[in-house]
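Presented as structure tokens, the chain that follows is alone, the form predicted alone.
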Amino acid sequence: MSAVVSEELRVVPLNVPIGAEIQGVDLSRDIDRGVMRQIEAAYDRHSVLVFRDQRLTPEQQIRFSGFFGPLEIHVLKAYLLQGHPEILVVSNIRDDEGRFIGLPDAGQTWHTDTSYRQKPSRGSVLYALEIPHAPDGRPLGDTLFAGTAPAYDDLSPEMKAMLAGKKAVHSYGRRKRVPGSQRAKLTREQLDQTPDVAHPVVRTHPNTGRKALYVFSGECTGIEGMPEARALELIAELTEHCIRPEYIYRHVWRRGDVVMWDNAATLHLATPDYELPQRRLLHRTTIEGGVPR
């Protein structure tokens, strides 16, 4: 697939079913709306966009992200950037009192952001300020993205027919915790703000009309109208299907990377292969979405 060129902007698809690198754009600048519309079209088409070698202030990240819609304020208020509540700090760094300055468990199960909301996020924008490295210089903390639209396309006609109209229950309060997770337990107030919600197992992209699987082990705790054991078995089966190697883009982080992904068409997973004194610090903005259809 050849690159698409418009003035300085180049959209270079990656050699996987999802993902493209956007070249020739400085996100710290006030970008022409025509160029932004081309970025949005690439976002809808490729699901994951990568911008290398960026240098952003919080205000600039918020401005860029806000082009795609209003920004969410995350329920984990302790990890919001002071003075900029639109930014969730993702980090394993501790302050002088031993408290994490950001969310340390950055999604160590396959998931899509804020699926537990009535209106899950449209997408997320993650900016890398510090990336951990192994002693040999190899970057750590990769993020894996799975394309749930190509995964749906490859289902059998019988499976597609069986899934049509079904809804899965998404639960933030009962989400799976990996062994050794450093994520703090939710408070009663946070639980009250995030009741369980049901969304279509197969959702239709609001801009492209393409169908994608929207179900995954860890946060999906059942399927409406289906016995629990069978529902959990089906959820696990569909999750394993989505994360087959042929649907995966693995992002190896560099300082200055900005990666944005479409929560309607991808799952993602953080790789926890680092620990202090290997430091990881990223800023995440999250774009509001609509009710899945």
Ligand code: OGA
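Keep in mind the model is a prediction, meaning the values are calculated, not measured. Numbering starts at 1 and follows the sequence shown.
Missing here is the form predicted in complex with the named molecule; even so, the following discussion is about that form.
- Within this chain, R117 is remote from the site of the named molecule in the model of the complex, having no heavy atom within 4.5 Å.
- Residue contact with the named molecule in the model of the complex: H111 places a heavy atom within 4.5 Å of it.
- Shown alone here, P85 lies farther than 4.5 Å from the named molecule in the model of the complex, counting heavy atoms only.
- Contact annotation for G107: at least one heavy atom lies within 4.5 Å of the named molecule in the model of the complex.
- Stretch-level contact analysis of 263-271, 224-232, 49-57, 25-33 against the named molecule in the model of the complex, using heavy atoms and a 4.5 Å limit, identifies 263-271.
- With the partner omitted here, the residue from V90, L163, A128, A151 that has a non-hydrogen atom within 4.5 angstroms of the named molecule in the model of the complex is V90.
- Taken together, T143, R280 and R284 are fully in contact with the named molecule in the model of the complex: each brings a heavy atom within 4.5 Å.
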